[in-house]
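Alright, here's a single protein chain in two forms, structure 1 and structure 2, each given by itself as structure tokens.
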Structure 1
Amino acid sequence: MLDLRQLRENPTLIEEGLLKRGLKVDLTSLKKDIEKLRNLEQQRSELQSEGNLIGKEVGQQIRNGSKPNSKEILFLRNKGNEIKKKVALLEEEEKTLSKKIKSIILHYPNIPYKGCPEGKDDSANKLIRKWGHPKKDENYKEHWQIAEKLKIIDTERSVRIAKSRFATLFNQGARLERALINFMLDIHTSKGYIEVLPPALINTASLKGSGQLPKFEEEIFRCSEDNLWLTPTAEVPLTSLHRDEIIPFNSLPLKYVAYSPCFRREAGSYGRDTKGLIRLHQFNKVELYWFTNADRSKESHQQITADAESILQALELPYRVIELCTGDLGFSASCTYDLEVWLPGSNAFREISSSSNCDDFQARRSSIRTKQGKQTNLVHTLNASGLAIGRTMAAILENGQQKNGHVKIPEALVPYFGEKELKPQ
């Protein structure tokens, strides 16, 4: 959420920021509304102050022995009633106005940080670094072809059970998924992350707090009967872990790692990535999440990104780091690095992690602060996938594929998986 005071005092700065994202917005009328609201608040509180004095006066006189029906007290009560009427009118006006303002600003995304590369779409994204050596020389199969041969993924049965865009894993496939989750959690917790297993069903306030609602309702599965939603990413419950809290300053940064299943409706992606593990309604993910103070959020972003990268390195999967340009940023982010893993089968880099600094955007929506001396400040929040499990499995299948149809398991994963390769069982 954008800062009301900044909207009032420096709307052009925000207009410029939104414009960089490709949003042309004229904030003059919003600014006027905010000022009007401030005005109403002031008038109202002056009246209330007057009313409070009258209330005290009545109490004083009664304690001094005046009768409740004495002339003086009846006079004061009358006066109090008049004030009450005026206050009620102002309050009503105030409420409509502040509702209007809030509904507008909840729809505005975060503004990009100063150094964010400017551009309209992903063509303006910036290559930051590369790691490993992408295999390009041979004729590689795609991961779903490999998986089919090994009989570790069954899509048709998934349709029977649920519908399209679901996967059912068998044998070594199911085992590999489990191994990857444990492997990633172990690496991150060994670095000081606190492991969390959050609920998969989450409430509306949580989704508003992290920025998924009100704008992206159509992307999230809903249990309308209970007014709960299926979590689209652990980022949501992790943000709400500290919603409406003041975190002690000396416990920052708070670093969490959570495994969670993720559910997405994938509305509007019909026909894209229909095969395999790349785009499913349900997938597993290990998510990293930091609460930190504003001073340290830039360096924290480097660190959380490096922590996500360390998994790819440990699995010997070639990847590159891309900084998203202003037009490609997600709703809550002010700066994002995508980690893209190399998939030799499709001869392309594919997003496997997104690492974002949301600065105080989510913290303001969720009211998460820290106290430094007498000052209470919003914290900064950062998140990074570390990593998406299904896509990691796809990458392992494609990068580890052998000519005989077997798949080599990365060495670091062997203790978790228990075998050195995938082969027909």
Structure 2
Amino acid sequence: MLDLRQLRENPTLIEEGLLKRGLKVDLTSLKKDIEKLRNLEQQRSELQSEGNLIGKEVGQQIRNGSKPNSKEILFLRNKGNEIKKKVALLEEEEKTLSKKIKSIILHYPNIPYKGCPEGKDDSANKLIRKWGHPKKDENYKEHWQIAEKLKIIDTERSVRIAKSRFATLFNQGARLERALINFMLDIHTSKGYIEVLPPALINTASLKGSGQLPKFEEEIFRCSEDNLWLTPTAEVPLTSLHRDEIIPFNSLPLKYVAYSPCFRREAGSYGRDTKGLIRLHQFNKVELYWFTNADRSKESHQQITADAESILQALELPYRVIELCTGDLGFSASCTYDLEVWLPGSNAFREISSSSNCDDFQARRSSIRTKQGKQTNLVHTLNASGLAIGRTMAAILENGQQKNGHVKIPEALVPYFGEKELKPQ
């Protein structure tokens, strides 16, 4: 959530930041409301102070011998009651105005950081680095074609069970999925991450805190009778682990890793990636999440990105790192690196991880702070896929495909999978 003080004191800076993201807004009216809210708070505070002084005066006069029903005491008490009525009216006006302001700013995305590449769409994204040697051959098959021959994925039966864009894994496919989850969790916990297995059903406050609501309501599956939602990513429950808390400064950075099933409607992707594991309504993911202080925010972003990259390197999967431009940033992010893995069957790089620094945006929405001495500040939050399991499986199938129809398993994954190859059964 955007900073109310900054909106009040420097709305032009906010307008310029939003414009870089392609949003042209006029914050004049919002600024007036924020200023009015501050004046209301000041009036209420002054009246409450006056009321407290009257209460002390009443007590003092009674102790000095005045009778409780004397004219002086009754006058003071009537005056105090009038102040209480005024305070109550101001509090109600504050509550209404505060709700109005919050409902507006909850729809505004984070401001890009100063060095973020400027551009309207992904054509302005910036290549940071590449790793590995992409295989290129027109005879390479796509992962869903390989999976069908290996009989490890069945989408037709999934439609019978649920609907389209769900996948059921069998035999080696199910085992490979499980192996990847365990492999990733072990790698990350060996680096000091705390493993978490969060609920898959989450409340509205959690989604608002991380930035998914109210903006992306149509993308999330909802259990309306219970007012719960299916988590779109473990980023959401991990953000809320410390909602409304003060994290001790010496505990930072807090680094979490979580496996979770993820559920998304993919409402805006009709007709795209209808086959295979790239764009499903349900998929598994291992998520990395950091709480850190502002001074270490940038270096933390580099480290969480490197930790996500380490999985691709261990699996010997070629990839590239792309810095997203202002017009392509996610809602809560101020800076994002996408890791794009090479899929030789598609002859293209595809996103497999998004690593974002959200600075204090989510922390402000979730009221997550840290205290150093007498100073209390908002923490900074960072997240990265470490990695998306289905897309990792797709990359292994395409990069490991052999001419005899087998698929080579990356050496680091063999102890988890139990065999060196996937073979037709």
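Definition used throughout: the rigid core is the maximal C-alpha set that superposes within 1.5 Å between two forms. One-based numbering along structure 1's sequence throughout. All values reported here derive from a predicted model rather than from experimental measurement.
Here the chain taken from the form predicted in complex with the RNA appears as structure 1, while structure 2 comes from elsewhere. Put simply, the small part of the chain turns as a rigid block by 11° against the big part between structure 1 and structure 2, using C-alpha fits. Core-based alignment between structure 1 and structure 2 gives a C-alpha movement of 5.8 Å at Ser66. Once the core of the two forms is superposed, the Cα of Gly55 has moved 3.9 Å between structure 1 and structure 2.
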